[in-house]
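Heads up, the chain below is alone and in the form predicted alone; it's given as structure tokens.
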């Protein structure tokens, strides 16, 4: 099989023409997209005005420490795109175009312009509670609707190997090797492996949200699996709380936004069978992810060394006696941060 690197424009153009994805003489524009560590990603613009995003999974992620995962995860994302289009609110998932199993390649329609990345807006101090509401409703809707297809989804998305290689090992297992947590992370790994409840996105964060016409669009589904919904909540709350840590002027507002996000999620989820101890597990996953993002393989790039140290100290203190519910966790984390920034 001829190799293909989609970040080489001429090679990609030849491939698209040879496979009939575009016309033999069609003049297309190709632009490399940045920001991700696990894929080659490019924008393909056609003369008709149609635009695609092409993704090609990397076997070794672009991070400072060694981190490997099979590029076959591209095809898990393709499945995720097609299923999420059925489960998520309208226009919140980019439409699927095609996949190529030989080259581990996925194409989807590009989000229209102009759009904004939600992570970038938050780091710039721009917070809109309508976006927070949509963020909670989007995840709650996916988790709730997937429960109706539990048998089918558990079969299709039952393989959790990508969740293991992209989340459990680099976030929890690796961090446990670096930081003594008195069994906290080991117990969390064991518990989340035991829980098989609904469809879990696995990468639910502001980084993977684009805002187009004031509407949230969710990206990056390669970690999707049937498992523990508390992970999605802990992972996403970690991003809101870490930004509250970093963006000092927005700290009180982001703390309230985190509470609002949780409130909306629960209202939309309408807690059902298998979710009775959800909040307890969300607290634990939030603490685990808060620590992992300053001590694991994938550390938040916007933190200073002082912020990493401070977050580590706070979280390890909270792990000794975890708060009983999500609002109290948020309040305690923010209280321990105080009102200062850290160099």
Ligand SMILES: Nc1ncnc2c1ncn2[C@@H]1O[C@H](COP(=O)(O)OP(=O)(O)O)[C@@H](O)[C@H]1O
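Fair warning: this is a prediction, and the values are worked out from it, not measured in the lab. Positions refer to the first chain, counted from 1.
There is also a form predicted in complex with the ligand; it is not shown, and the following applies to it.
> Would the ligand in the model of the complex be within 4.5 angstroms of a non-hydrogen atom of every residue among 33, 109 and 210?
All of them do, each having a heavy atom within 4.5 Å of the partner.
> Pick the stretch from 301 to 309, 281 to 289, 39 to 47, 314 to 322 whose residues have a heavy atom within 4.5 Å of the ligand in the model of the complex.
Contact-bearing stretch, as computed: 39 to 47.
> Report the residue, out of 130, 117, 161, 177, that has at least one non-hydrogen atom within 4.5 angstroms of the ligand in the model of the complex.
Only one listed residue qualifies here, and that residue is 117.
> I need to confirm a contact call. Of 266, 97, 219, 153, which residue comes within 4.5 Å of the ligand in the model of the complex, counting heavy atoms only?
After the contact test, the surviving option is 219.
> Would residue 293 show up as a contact with the ligand in the model of the complex if we use heavy atoms at 4.5 Å?
Outside the cut-off, so no.
> Any of the heavy atoms of residue 53 lying within 4.5 Å of the ligand in the model of the complex?
Yes, residue 53 sits close enough to the ligand in the model of the complex that at least one of its heavy atoms falls within 4.5 Å.
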